[in-house]
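As structure tokens, one chain now follows by itself in the form predicted on its own.
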């Protein structure tokens, strides 16, 4: 019997002549973003890193160059309403403590990060404010309100380079994420690296494999017409290789998020991006 993994590898190999990433330049609202740069020293086997935008079709790429055309901005608008909405027993809104969302410029570039010995993501920070200051119910990891708010906050860092800390207290989390990235799992016994390091630039079925960079998340996917969190994408990838996914917000996915962010050091934040 031919294994599913063999069929996937065969499909990639058969597409060996497919064009790799293009050399288009991403300019959003008049500002040029970095979509290609030298790989950081701590990343093995890859000399140059590329944004996922560089692997998309021209029709998809153009959607991200104009905020009026970017379908993700609808959700950003929704988050702006949520920013001013009072919620919870404390009778507070985000705006009650934070005068302007622009004050979070640069935050997206440094997440995940270690706080009080724990690796935290933007979702963790948002829910800490909701439960601690607002006395409100926490949002689920990938629900619409959460992805909208992470997009709004992430947008404030658009154009800034990803620059997560991987040493000191973050080192053990980074090592754990690296281990997950390279460990084969599931019935197909595949790792993240099999697609996004070994075969990026090739086609698998109708999909153009990218390096799996996270600098554009949350991202609007044309496939499901909504904003998608990075943990939601991890979950989808694990299902594709017939593995049991970790829980969104789990220590495993947070560690993987840190490691993946470190692979994109120097690429511009594109939040919210548009992908297939």
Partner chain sequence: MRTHLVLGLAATLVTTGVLADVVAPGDVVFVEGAVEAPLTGVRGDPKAGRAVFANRKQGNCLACHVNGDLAELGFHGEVGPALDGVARRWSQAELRGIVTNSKMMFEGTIMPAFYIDSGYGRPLESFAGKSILTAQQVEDVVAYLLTLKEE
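Keep in mind it's a predicted model, so treat the numbers as computed, not measured. Positions refer to the first chain, counted from 1.
A second form of this protein, the form predicted together with its partner chain, is not displayed here; the remarks below concern that form.
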Original post:
Among 127, 194, 78, 109, which has at least one heavy atom within 4.5 Å of its partner chain in the predicted bound form?
Top reply: 194
**OP:** Check each of 190, 162, 119, 146 and return the one that places a heavy atom within 4.5 angstroms of its partner chain in the predicted bound form.
**Re:** 190
**OP:** Would you mind picking out the stretch of 57-65, 205-213, 42-50, 222-230 that comes within 4.5 angstroms of its partner chain in the predicted bound form, counting non-hydrogen atoms?
**Re:** 205-213
**OP:** Verify the contact flag for residue 185: yes if a non-hydrogen atom of it lies within 4.5 Å of a non-hydrogen atom of its partner chain in the predicted bound form, no if not.
**Re:** yes
Subject >> Residue contact check: residue 243 to its partner chain in the predicted bound form, 4.5 Å heavy atom >> reply: yes
Original post:
Is there any non-hydrogen atom of residue 237 lying within 4.5 Å of its partner chain in the predicted bound form?
Top reply: no
Subject >> Proximity of residue 199 to its partner chain in the predicted bound form, heavy atoms at 4.5 Å >> reply: yes
